[in-house]
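Below you will find one chain, with nothing else, as structure tokens; this is the form predicted on its own, and questions on how it binds or moves follow later.
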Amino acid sequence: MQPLLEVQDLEVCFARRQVLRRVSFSIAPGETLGIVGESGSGKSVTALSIMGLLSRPGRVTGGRVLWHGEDLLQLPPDSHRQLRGKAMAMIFQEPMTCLNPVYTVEKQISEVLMLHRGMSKKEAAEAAADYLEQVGIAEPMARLRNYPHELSGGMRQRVMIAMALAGEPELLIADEPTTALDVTVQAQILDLLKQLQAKTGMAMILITHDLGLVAENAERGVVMYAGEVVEEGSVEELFTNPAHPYTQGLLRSLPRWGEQQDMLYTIPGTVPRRLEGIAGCAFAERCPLAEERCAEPQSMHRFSATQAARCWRTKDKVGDAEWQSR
């Protein structure tokens, strides 16, 4: 089966600063792919590049983004804009920065329906209420008259989801969709996304820093660090047999049920601000397994049909015992 979306060696720079390097992954129709990593790892920039929403001075400097085999980066801006909101849609972590504060909910959802579905103003208004009902908003007719500031954070996020679904996308990119919400509302939003995905058959890219969300909501995962993909695999592989030291470190940082821990493990150091001058592994300065060989350029080594990691050690598959002993 041909991938719905395939990212090949994507590179992005902001002015002279490189922020993405050799980013590659794919997603199949109906699949959920989780992209996980610390803040500054390049997750959101990757999503914005796919959507054609990079703002200056950001620019794509290399690679391809294939949509049904067609390179989106070669499309004229108008053609890319027509796909955005219809074939693919995106929801953001803070809807107040994306919803227009001077337009009602009805106006904003109706605009999507008229632009991408060719509905009349009356048809769009009626359909907007249906979409609010689908995302679990009570009294949808009344909510259509509200402005964003009159809604709670959870309701604003549901409005964003309704707007994304209005174009009937094949792919939904959810960028940290629950970060600004309390725990109860987080669970409701994630359950809603899964229900809508099952109903519509759309594919979904879930971008998060929370490994738990990936484990519960995705079939496959991509781990990013300092603008690179350092590991990919099925969720089961990533959690039971992580290959890259960074993935292993992230998993060690998780609290474990039934284990008494005085303090959670943390990976020492911070994500490097610049990729320039780093020829080898960007994680080497923080890695307890680092050796001189890590300063050399690293390639993705595939050791199963679905799992690969950007570390020379993965040729020999370093085990947990060695990791724990360092």
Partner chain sequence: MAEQVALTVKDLEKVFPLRRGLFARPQGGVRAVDKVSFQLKSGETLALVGESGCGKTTVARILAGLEQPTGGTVVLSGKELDFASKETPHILRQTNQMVFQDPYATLNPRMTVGQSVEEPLIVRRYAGDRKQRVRELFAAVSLGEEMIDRYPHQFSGGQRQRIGIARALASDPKILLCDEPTSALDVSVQGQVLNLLKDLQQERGISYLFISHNLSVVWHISQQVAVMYLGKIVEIGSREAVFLETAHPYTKALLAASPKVAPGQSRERIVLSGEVPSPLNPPSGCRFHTRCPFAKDICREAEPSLQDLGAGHHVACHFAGKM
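Positions refer to the first chain, counted from 1. Computed from a predicted model, the values in this text were never measured in an experiment. Throughout, rigid core stands for the largest set of C-alpha atoms superposing within 1.5 Å between the two forms.
There is another form of the same protein, the form predicted together with the partner chain; it is not shown, and what comes next is about it.
Colleague: Among E139, D191, D71, E126, which has at least one heavy atom within 4.5 Å of the partner chain in the predicted complex?
Modeller: After the contact test, the surviving option is D191.
Colleague: Which residue, M119, M204, A215, L196, has a heavy atom that falls within 4.5 Å of the partner chain in the predicted complex?
Modeller: Flagged contact: A215.
Colleague: Using heavy atoms and a 4.5 Å limit, would one call E292 a contact residue for the partner chain in the predicted complex?
Modeller: So E292 does not count as contacting the partner chain.
Colleague: Within a 4.5 Å heavy atom cut-off, is Q186 in contact with the partner chain in the predicted complex?
Modeller: Close contact exists here: in the predicted complex, Q186 approaches the partner chain to within 4.5 Å, heavy atoms only.
Colleague: With the partner left out here, check for me: in the predicted complex, does some heavy atom of S152 sit within 4.5 Å of the partner chain?
Modeller: Residue-level check for S152: yes, a contact with the partner chain.
Colleague: Flag Y131 as yes or no: does it have a non-hydrogen atom within 4.5 angstroms of any non-hydrogen atom of the partner chain in the predicted complex?
Modeller: Flag for Y131 set to no.
Colleague: Select, from the options 265-273, 294-302, 61-69, 24-32, the stretch whose residues sit within 4.5 angstroms of the partner chain in the predicted complex by heavy atom distance.
Modeller: Within 4.5 Å of the partner lies stretch 265-273.
Colleague: Going through 230-246, which residues have a heavy atom within 4.5 Å of the partner chain in the predicted complex? Please give them in sequence order.
Modeller: V235, E236, F239, in sequence order.
Colleague: For G269, decide whether the Cα shift between the shown form and the other one is 2 Å or greater, given a superposition on the rigid core.
Modeller: Shift of 2 Å or more: yes.
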